[in-house]
Ligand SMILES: Cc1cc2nc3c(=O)[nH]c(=O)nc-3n(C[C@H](O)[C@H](O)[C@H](O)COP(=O)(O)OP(=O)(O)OC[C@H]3O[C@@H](n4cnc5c(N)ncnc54)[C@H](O)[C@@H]3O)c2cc1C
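Just the one chain here, laid out as structure tokens, in the form predicted alone.
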Amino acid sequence: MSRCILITGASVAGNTAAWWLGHYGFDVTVVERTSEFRDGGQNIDIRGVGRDVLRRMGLQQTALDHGTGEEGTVWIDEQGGEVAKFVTVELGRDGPTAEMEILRGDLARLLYEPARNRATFRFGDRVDGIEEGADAVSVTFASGQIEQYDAVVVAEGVGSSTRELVFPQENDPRWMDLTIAYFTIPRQADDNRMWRWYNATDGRSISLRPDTHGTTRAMLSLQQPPNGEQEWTVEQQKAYMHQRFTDAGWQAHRVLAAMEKTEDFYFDVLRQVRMKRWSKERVVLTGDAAWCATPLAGIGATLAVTGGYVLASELQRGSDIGQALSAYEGAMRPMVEKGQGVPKIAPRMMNPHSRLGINLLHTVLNIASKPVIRGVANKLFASEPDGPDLSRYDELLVKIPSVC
């Protein structure tokens, strides 16, 4: 197997792949368009097979120690009263709030710190062109450098520009009719350790979630078909959310005031990435660039760490790049396809448009939170697709010297 690999993207999937490829002895370069490592981001969680990957990296307990401290999920009314409450320790397994809740930036950094001892990270650059040859991939960077690699791993986000260079117009996105704005706001005295979810009419919801940085993570959600809002400027997006939520009630005024000052505003019109293939010659997709399932699936980070590990391990196991990439796709696609099976009605059910719909949702959640049926309800919240069998990589759990 050829040993010189380029990874584009230094977040969860890319850093996991870099860690494992470096561990296996590959010569790894990671290119990231931001000028420095990107911290920040909202709550994500790791479940099931993803936690097994972190355990194999010796990072499972570290990730738990860096968790957000979120203790559960509570739906509230306009006065802040509890309508339905799910406390993680009472559920016996992961529920709406998982045991391993962590901020995206915190997990990415936990992966990055050891990965940079195994790979070369190049910030402030990006891929401008790719030419595939029989024995190598020629990559042209925005900085003007041209370099040769045995394979290129594209581990970027849902709108990956490198993916479009190699797989132009092959993504057939599935729009989920939900728009979310994420940002960090100052913490106040009555913010607690629960994920507080408030529903307002017209498909609106406000979420406040704890972190361990002395701040609170906010989400404003709108259930509606997409209308090109992802192309707007940040100023236009903020103005739009201010217009839509100004009369939403509860803590809308606090959240909107803080939104105007936040430095980490992120606006997402949710869509899944649907690719018929994840590789072409010596270029392969992983993470959201390959299969973004959206936050609705609840397993995005789990897929990212699992995919990075499986890809690296198949490259290590195989003697042929094409066969390795095919094996990687065969191992991951069943988990991805099940994770992407979120029905499009789900956002509307959880973000009702009428007061009657909100009352019905609250009634159902209140019943579901009762101990006698809590286990059944928890399966709905925490449905987790079976992942690939990681035991096939047990024989690889030794460090192999680099031969590049």
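Residue indices: 1-based, along the sequence shown. Bear in mind that the values here come from a model prediction, so they are computed numbers and not experimental data.
Keep in mind that the form predicted in complex with the ligand is missing from the display, and what follows is about it.
The stretch in contact with the ligand in the predicted bound form, judged by heavy atoms within 4.5 Å, is 38-46, chosen from 38-46, 52-60, 65-73, 341-349.
The shortest heavy atom separation between Arg126 and the ligand in the predicted bound form is within 4.5 Å. Although the partner is absent here, Thr162 sits close enough that one of its heavy atoms falls within 4.5 Å of the ligand in the predicted bound form. Put simply, Tyr266 is close to the ligand in the predicted bound form: some heavy atom of it is within 4.5 Å. When contacts are judged by a 4.5 Å heavy atom cut-off, Gly387 does not count as touching the ligand in the predicted bound form.
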